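Presented as structure tokens, the chain that follows is alone, the form predicted alone.
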Amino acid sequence: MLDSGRSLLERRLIIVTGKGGTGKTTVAATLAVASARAGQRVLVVEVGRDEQIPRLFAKNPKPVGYAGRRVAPGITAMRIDPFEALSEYLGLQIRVQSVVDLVLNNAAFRQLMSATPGWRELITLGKIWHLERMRDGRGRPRYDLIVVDAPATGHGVTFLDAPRVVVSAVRAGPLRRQAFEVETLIEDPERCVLLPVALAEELPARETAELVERLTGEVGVAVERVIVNAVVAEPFSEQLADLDDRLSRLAASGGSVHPELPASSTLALCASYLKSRSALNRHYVDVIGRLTGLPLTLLPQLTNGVRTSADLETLSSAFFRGADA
């Protein structure tokens, strides 16, 4: 796990996706923390309507917007708005920003674009491609690693497949060249890798397996492992592995654990629940591994969830010391 996990940070681009609610945004932020701890300059990109990443680093943060800003040492965050990306792209092509603004501020044009499929995905990925190519004054990449918090599973394939569709449909011109460059980046396993995020539950397990199959078969993006998030740990130590049985026997005999504690029957039910929940989690971890055929990286469930940057540090450490399932 250690070597495989750290090799992720040697890529130029990591695209994180997964079913809604699996914690893919948290995983993206965790990777950013790990990258920064390794001395890299990392950019975290969000493509949704709401900014989630800054809230993981500070309470009541100021928006990062399209321009982006530093949210932690070594970590910059930004949100790509498709219309802002389109404005930037057209400005580079036409070189007269006033004309671009006139067109993009036209209500009819915006309505037409909103109804046009695929352009949002393509222009967003084009901006990510542009960010990957940016260099500093010394000719080095401006960012050592770019982590993209991609759309959820339902839209993830469409998002990543847009360049291939354009290359297939458009025979010549700047649009095809741009789409081809983006497609080349996404399909280069040395530069780009996709990380599906799942929970150890039935529906996320099956959706993750379907996502991996479609991405590797239709899009051609490298998928090396699956991140299984919020895995419930074994509730009892090895010496107390049968604690639920002990409590059940104690309850049956009418005994109590301690006068100030709940009744032994209540404690027995709680212990049984914790043990069965952990066992169910482990079952679906095995299911995900079997259905995808990929190594798994397990991230623990944090008791109070992920609320601060310190929680991200905890997950970052767990990311690299966890064993493959």
Partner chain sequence: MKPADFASDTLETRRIAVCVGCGGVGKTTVATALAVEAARRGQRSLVLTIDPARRLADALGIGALGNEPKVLPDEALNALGIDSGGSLSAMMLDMKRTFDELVERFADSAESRRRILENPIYQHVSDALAGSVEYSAMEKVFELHERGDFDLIVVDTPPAQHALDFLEAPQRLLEFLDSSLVQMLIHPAFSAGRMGFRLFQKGMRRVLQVIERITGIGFLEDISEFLLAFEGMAEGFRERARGVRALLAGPECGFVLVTGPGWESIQQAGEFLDRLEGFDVPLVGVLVNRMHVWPDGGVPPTFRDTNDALGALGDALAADAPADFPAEDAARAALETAKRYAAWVRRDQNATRSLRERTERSGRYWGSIPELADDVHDLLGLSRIAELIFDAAKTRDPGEESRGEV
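Definition used throughout: the rigid core is the maximal C-alpha set that superposes within 1.5 Å between two forms. Quick caveat: nothing in here was measured; it's all calculated off a predicted structure. Numbering follows the first chain given and starts at 1.
We do not show the form predicted in complex with its partner chain, though everything after this point is about it.
Considering its partner chain in the predicted bound form, the lone stretch of 195 to 203, 179 to 187, 137 to 145, 215 to 223 in range is 195 to 203 [heavy atom distance within 4.5 Å]. Although its partner chain is omitted here, in the predicted bound form all of 47, 52 and 89 have a heavy atom within 4.5 Å of it.
Its partner chain is not drawn, but in the predicted bound form it has no heavy atom within 4.5 Å of residue 84. The shortest heavy atom separation between residue 258 and its partner chain in the predicted bound form is within 4.5 Å. Residue contact with its partner chain in the predicted bound form: residue 271 places a heavy atom within 4.5 Å of it. For residue 99, a non-hydrogen atom is located within 4.5 Å of its partner chain in the predicted bound form, even though that partner is not displayed. Contacts of stretch 56 to 72 with its partner chain in the predicted bound form, defined by any heavy atom lying within 4.5 Å, are made by none of its residues. Residue 178: CA moves less than 2 Å between the shown form and the other one after rigid-core fitting. Core-aligned CA deviation for residue 76 between the shown form and the other one: less than 2 Å. Relative to the superposed rigid core, the position of the CA of residue 87 differs between the shown form and the other one by less than 2 Å.
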